[in-house]
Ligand code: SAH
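To begin, one chain is listed below as structure tokens, in the form predicted alone.
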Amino acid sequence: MNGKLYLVGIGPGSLEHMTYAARRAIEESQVIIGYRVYIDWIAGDPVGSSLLEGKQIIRKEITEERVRARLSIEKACEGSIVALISGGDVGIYAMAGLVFEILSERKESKTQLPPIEVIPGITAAQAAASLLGAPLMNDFACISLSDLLTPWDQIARRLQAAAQADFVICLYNPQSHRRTWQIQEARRILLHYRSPETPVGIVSNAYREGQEIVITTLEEMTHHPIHMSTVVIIGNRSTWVLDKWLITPRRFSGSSCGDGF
């Protein structure tokens, strides 16, 4: 077996925020597999399009994650060098976990596995935070509001626990055309533990066309456009606003510690 499988996080969308390692993996690969939108991000950039030249490009839709994962493994087992790409980081709400689940099934059946390399990328929380200033300078929690794979009662318990513990909270997959009530319910849960004036940052399409940045409050956050390409960052009790920036101090209010890490 001379094939190899790269699991590649391409970052938030713009080529300038893709790591050198991710570019190298794509350039080295013979087959590129990914969600159609992610491949189009690369193809839409003059430099990115050159990375795709002469390669087999396999575009799949958003509901075809398992198909993408299996196909990438099969192509690598056949001897091809394959890049399975994900937006953001491939190991955070993305394809790496599913690939390793399928590889585990193949291992149990004594099937030979291809070499794997996981290439990290800038995830949505990092991209949104950089555009907001410094909201993640202390402990934070990332919670997806999509209940397609996780029951809502479990998501609700996680929201309650993170709110009680005073984490800054990053909400992934906050709302879609079909899922509209979850963000309202999340806000209701958080308002039970936090002030209505808690600062909130809403970032849509970070570092790509259609980018929008809003700083608002927990009380007002659902009055602004929120969709699947949005990350919502909800501050803790120490988070404050400076002009257009959202800042969470490195230490909690009242701490006598210095600035050391």
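Note that residue numbering follows the sequence shown and begins at 1. Note that the structure is predicted; figures quoted are calculated from it, not measured.
The same protein has a further form, the form predicted in complex with the named molecule, not shown here; the description that follows concerns it.
A heavy atom within 4.5 Å of the named molecule in the model of the complex is found for one listed residue only; from A162, A94, L190, V99, this is A94.
Shown without its partner, this chain lists T217, S49, N205, Q56 as candidates; in the model of the complex, only N205 has a non-hydrogen atom within 4.5 angstroms of the named molecule. Judged by heavy atoms within 4.5 Å of the named molecule in the model of the complex, the contact stretch among the candidates 154 to 162, 133 to 141, 85 to 93, 72 to 80 is 85 to 93.
A residue is said to contact a partner when one of its heavy atoms sits within 4.5 Å of a partner heavy atom; T198 fails this definition for the named molecule in the model of the complex, lying far away.
None of the heavy atoms of I119 is located within 4.5 Å of the named molecule in the model of the complex. V231 belongs to the set of residues with a heavy atom inside 4.5 Å of the named molecule in the model of the complex. Shown alone here, N173 lies within 4.5 Å of the named molecule in the model of the complex, counting heavy atoms only. Taking the named molecule as positioned in the model of the complex, none of the residues of 21 to 35 brings a heavy atom within 4.5 Å of it.
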